[in-house]
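What follows is one chain in C-alpha cells, specifically the form predicted on its own.
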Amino acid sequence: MDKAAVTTVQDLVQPTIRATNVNIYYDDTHAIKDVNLDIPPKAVTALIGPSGCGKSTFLRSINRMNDTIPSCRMTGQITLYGDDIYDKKIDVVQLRARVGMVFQKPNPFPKSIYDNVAYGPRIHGLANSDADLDNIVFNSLQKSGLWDEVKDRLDTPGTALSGGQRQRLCIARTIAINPEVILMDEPCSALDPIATAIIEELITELKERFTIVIVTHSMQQAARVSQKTAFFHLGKILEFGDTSEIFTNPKVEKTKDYITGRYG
C-alpha cells in the first residue's frame, strides 16, 4: 500500500488553532515573520526560543491581546476551530472567554478569593443562581488544586496568598469561564521550584480538558509538560514537532544549539 495514501487518525483531527502566513509588526519592526502553525486539541504546545524571538508576541495574537498596542498590526490568518478570530464580526470579549490567559506575574484582582473566581462567570452570565456560582467557584478551585488550601477563607483577599497560590488562583479564574484554550506566558518564572512543580502537575492534568499553549524559557519545563514544541528564532518558527523528537533529534542546527545551551 502507498504510505502517502494512508490517512491516520491524527490527520483527521482538526487543529484547535491554525496560524497561516502570520506576520506581526510594531510600527516598522517585523516581529513575527510568515508563521504557519497548527496547534492540536487537548495537548500542551510549548513555544521556546531566545528572548525577543517573538514567542510571546505570537501567543498574545491568539486572543488578540496585541490589539491593545496601537503600533501593532497583523497580516495573515489565525483560526479557532475554523473561525477567523480577526474577522470584523468577532466579539473580542467573547473570544477572550474562549481563549483564556495566565500571565507571567500572578495578578489576582483586589477582591476576595471567591470573587476572583466568580468574576468571569458573573460578567459572562454563566451562573443562573448563587448555587450555580458556588458550584463554579468550587469546581474551578478544585481543578486548580487550590480548594483544600483556601476553602475556609474564601472571603480573604486573593492578593494575600503566596506566589504559587496566587498563580493557581489565576488559573482557577481562567478555567471558571470554561475556555477552549488556555494561554500561559511564562507562568512559573516568578515561582520557586516547589510552586513550579505544582503548576506543572496542574498543567498536565488540565490538558485532558483544555488545549494549552505555553511560552517558557525553561527547556526542562517544555520537555516535562508539552507534547508539541515550536522553536522560534528571530520571529520565525525554525522547527515544530513532537517534543520528544525536538529535544532528542532536532533537524535544524539552530534548534540543537539552543536546546544544548550553546546560545540563548
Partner chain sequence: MNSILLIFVLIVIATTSFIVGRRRALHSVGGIIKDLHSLPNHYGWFSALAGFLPGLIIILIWIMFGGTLVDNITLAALGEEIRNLSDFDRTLYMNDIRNLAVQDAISRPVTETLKSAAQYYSRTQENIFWIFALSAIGISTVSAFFGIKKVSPELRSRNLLERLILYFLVVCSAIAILTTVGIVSSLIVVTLRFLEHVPLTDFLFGLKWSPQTALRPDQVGSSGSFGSIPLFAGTLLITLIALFIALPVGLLSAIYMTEFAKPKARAFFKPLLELLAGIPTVVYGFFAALVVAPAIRSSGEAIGLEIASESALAAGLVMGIMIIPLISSLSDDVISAVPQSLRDASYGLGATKTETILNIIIPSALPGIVSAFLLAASRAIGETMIVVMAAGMAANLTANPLEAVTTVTVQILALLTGDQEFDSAKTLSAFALGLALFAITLFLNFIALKIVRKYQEQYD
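Since this is a predicted model, take the numbers as computed values, not measurements. Residue numbers count along the first chain shown, from 1.
The next section is about a form of this same protein that is not shown, the form predicted in complex with the partner chain.
Judged by heavy atoms within 4.5 Å of the partner chain in the model of the complex, the contact stretch among the candidates 74 to 82, 142 to 150, 190 to 198, 95 to 103 is 95 to 103. With the partner omitted from this view, the residue of I177, L154, L133, L161 that lies near the partner chain in the model of the complex is I177 [heavy atom within 4.5 Å]. Of the residues given (R60, K207, H233, R224), R60 alone sits with a heavy atom within 4.5 Å of the partner chain in the model of the complex. When the partner chain is considered in the model of the complex, F138 lies well away from it, no heavy atom lying within 4.5 Å. Looking at R166, you'd find a heavy atom of it within 4.5 angstroms of the partner chain in the model of the complex. Of the heavy atoms in I90, none are within 4.5 Å of the partner chain in the model of the complex. Proximity of L202 to the partner chain in the model of the complex falls outside the 4.5 Å heavy atom cutoff.
Taking the partner from elsewhere, every residue among N107, K111 and Y119 has a non-hydrogen atom within 4.5 angstroms of the partner chain in the model of the complex. Heavy atoms closer than or equal to 4.5 Å to the partner chain in the model of the complex belong, across 118 to 133, to the residues Y119, I123, H124, ordered by sequence position.
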